[in-house]
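Here's a solo chain for you in structure tokens, the form predicted on its own.
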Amino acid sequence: MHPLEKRNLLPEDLKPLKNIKEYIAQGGLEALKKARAMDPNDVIAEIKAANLRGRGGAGFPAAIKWAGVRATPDEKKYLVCNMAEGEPGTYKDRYLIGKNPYLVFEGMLIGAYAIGAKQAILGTKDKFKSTVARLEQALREFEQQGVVEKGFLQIHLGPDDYLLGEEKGLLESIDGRQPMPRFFPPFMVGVGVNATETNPTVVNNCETLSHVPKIIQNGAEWFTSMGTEDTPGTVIFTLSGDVKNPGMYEVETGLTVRQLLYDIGGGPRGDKEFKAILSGMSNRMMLPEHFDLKIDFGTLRNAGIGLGSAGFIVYDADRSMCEIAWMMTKFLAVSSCGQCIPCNSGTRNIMEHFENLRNGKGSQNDIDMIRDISGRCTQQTRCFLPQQASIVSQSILNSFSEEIQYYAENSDTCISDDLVVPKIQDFDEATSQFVYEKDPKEFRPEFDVLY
């Protein structure tokens, strides 16, 4: 283990827990017993004092979600764990579950108790076969040990859609429909809604809920003694791309980007320096000028970039940012669910203009049109996907203007054979290398009529 790593959630030796007996021997379920002996409001107060911020991307305080849903007069409330993990460059939730699936279930039960939930549901993708098997084994053991009555904890298996990870899309999938985001957020319209019941629902990320047992067991002061005041505790990073030591690393927040890249990541994979980092589809490109910033939600946001779900895709100086812009906007375009025309047409049009530049057929008009479309494709949409396309495209245009301008003025192409959208399928621990999925699916033919 590198000296800068701090393993609170991941096992110290990174050996997967084999069964619930091993989990209990390490102090597992003590936090749940402690929480159930507390007033639910005191449980929420402890999470608030710890300033636990969501690790799924936005960094929203978990206690605010919990308190808001608990305060509603509705009879039925739900807690949902979002483990869809479809973001390119992210594998930390599946890695965590592979090591210790018991922690997230204990966190879910504590959260469900705190808000007065009727049921707790973990949503993930059916294609994550090994992860699902680990979860199903852990759930059986929880029920066999009498930790939870049968049926209270459930696992929902959804399709391989990027928008399954959007919380409103996940709730739609749980309710038996396609993951096409709703208008209203989960605390207003939750699981199993009908004409008379809104069923307020808390949706938290897998890593977020895994922190909960540790906080309840050790206290908020223990948690806030690590990391920064803005973002206490630890974060699990997925470090991929042109870096020497790719993998998952749990560290205290407050580490600098440079320490993560060079001390833990080992520096560039080849002989070229780092050029940029994409830290999530909702964030602007992170440049070398940002490498001495401390890593927490507030610091990176104030610098105009972001932490996201801590999936850092690293690119060196050999990479074409025009090619990267085309790949990422294509990923978002094919991921659009098609409900909102500004998104569905706007994201595709942005991608098409980058495709012209990439293929040596571009002009200044393509750059102008990307700026124009990305400024208005975000209007009247149900989710953040078109904003993602706008942020990524404008960030690359602004940060690498000379490079993009070159392809507008010349007929050169920037097509790469070894550059892919890093949708991570697996991680080979023996070689410390990621296995990536094939290129993202093509456009849905049912929506081609819009064009």
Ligand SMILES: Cc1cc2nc3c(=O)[nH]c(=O)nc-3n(C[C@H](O)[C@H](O)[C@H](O)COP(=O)(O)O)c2cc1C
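Start at 1 and count along the sequence shown; that's the residue number. These figures come from a predicted structure and were not determined experimentally.
Although it is not shown, the form predicted in complex with the ligand is what the next lines describe.
Interface residue among Asp366, Glu252, Asp296, Glu167, judged by heavy atoms within 4.5 Å of the ligand in the model of the complex: Glu167. Only one of the listed residues (Thr208, Thr131, Asn283, Ser320) places a non-hydrogen atom within 4.5 angstroms of the ligand in the model of the complex, and that residue is Thr208. The three residues Gly89, Gly247 and Ser279 each lack any heavy atom within 4.5 Å of the ligand in the model of the complex. Only one listed stretch (397-405, 381-389, 421-429, 43-51) carries heavy atoms within 4.5 Å of the ligand in the model of the complex, and that stretch is 381-389.
The shortest heavy atom separation between Tyr162 and the ligand in the model of the complex is within 4.5 Å. Remark: Ser173 does not count among the residues lining the ligand in the model of the complex, judged by a heavy atom distance of 4.5 Å or less.
Looking at Asn82, you'd find a heavy atom of it within 4.5 angstroms of the ligand in the model of the complex.
When contacts are judged by a 4.5 Å heavy atom cut-off, Gly28 does not count as touching the ligand in the model of the complex. Of all the residues from 346-362, none has a non-hydrogen atom no more than 4.5 Å from the ligand in the model of the complex.
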